[in-house]
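Heads up, the chain shows up twice below as structure tokens, two forms, tagged structure 1 and structure 2.
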Structure 1
């Protein structure tokens, strides 16, 4: 009681209101809410029954493969291996129940594929992206690409085909005139398997020193004393090579 006497009047009022509300909730739960609404087992059973009564929309890839083994085999080793069939073909439960009467959606227009493949700077570097206005304009994507394994019909001829964001940044940097292969050794297989076979990048200071150490740089090229500048760090740990300027 002494504790309550020391409380400010405003805090005491709030405490009283809180006690009244808590007491009211307990009374409602005890005497107003029916017993069956407080039985968690009954609630869970009713929820499961309600959900089971809903019409099934998605069949699942395990059902699709029962009839479409050839497509599944192509997809299993392709770039779309992690996509479910119904990501592109829409909910297919009705097709699975009546395969001859109900046909699944088959996206054949360009506007569907560009949901994922039009250029977006937030997408991961190396993710296949295009400008749909210039990339084979007006042609459906499936004209050139098998949708179950949409590998390029020919290996990209330019690094910018996949690394457009880096290419645009590099175009405004001091390295704009350097070809990517000056600093990166790129295995031919990188063009067809970019995530498993990656290009090299300089791992020693001496590589950048070929152009930027004192006495070796061409006229106008920034040079440093490689023995003291940056100590033991590889140059790109402080200087982003694709970016304009220094640190």
Structure 2
């Protein structure tokens, strides 16, 4: 108190103003503002609750199969077994809630299947891709392929059906004239079970040497001395045979 008395009159005035302002703000924050506006735990739980309460639009595959056992049975054995129903039939929670009133969509035109199956060079090789312009143009895909268990109508005739990227690269390379099977021995079963039965790759240098070792090459075919060139490596470990120039 003595300190206060020592202060000049004007300092006391300004001090009072500041103290009133500061306590005023503190009081408002402490007592007027409700707890759920400043308590972080309450606020965050409320947010989680609000987010959790949002409506789900995709029902999830587990719900679909409860009624659609037949489709599930067909789908189970095929290439589309890992595909969720709603990948094609779109969000179906509404349909699950009121099955008779709301019907999910069933894409029947070509333009849906090509989201996945039109050829694109960036797609992983081996993934079945077609060129929509040349592959039975304008015919709906489902006339030949059952979407729940799609299969090629016949075993693919050309390798390009699945390996289009390699096919297209090769077409511009010096190996354009060689059939895939010249280098890759392909069991017939590879056509129907592509992932379990795979084709071979040349495992000996001598295989490439048949054309590219010194003295054996036809006119214009580059040759090397197999004894000194490339040491321990199989040729395709350095040269990409599908690429122009083989490099």
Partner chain sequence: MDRRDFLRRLCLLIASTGMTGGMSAAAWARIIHKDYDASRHYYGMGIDVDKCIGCGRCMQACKTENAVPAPPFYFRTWVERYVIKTDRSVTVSTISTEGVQPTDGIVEKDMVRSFFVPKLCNQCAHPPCVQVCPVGATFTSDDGVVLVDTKRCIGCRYCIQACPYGVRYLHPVTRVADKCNFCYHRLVRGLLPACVEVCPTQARLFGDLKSVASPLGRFVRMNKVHVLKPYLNTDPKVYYANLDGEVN
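Only the largest set of C-alpha atoms that superpose within 1.5 Å between the two forms is called the rigid core. Being a predicted model, the structure only gives us computed values, none of them experimental. Residue numbers count along the first chain shown, from 1.
In this comparison, the chain shown as structure 1 is the form predicted alone. Residue 183 shows a C-alpha shift below 2 Å between structure 1 and structure 2 [criterion: core-superposed Cα displacement of 2 Å]. After superposing the rigid core, the Cα of residue 54 is displaced by 2 Å or more between structure 1 and structure 2. Residue 145 is not among the residues whose C-alpha shifts by 2 Å or more between structure 1 and structure 2 once the rigid core is aligned; its shift stays under 2 Å. With the core fitted, the CA of residue 102 sits 3.0 Å away from its counterpart between structure 1 and structure 2. Summarising the core-aligned comparison between structure 1 and structure 2, the C-alpha atom of residue 16 is found to shift 25.8 Å.
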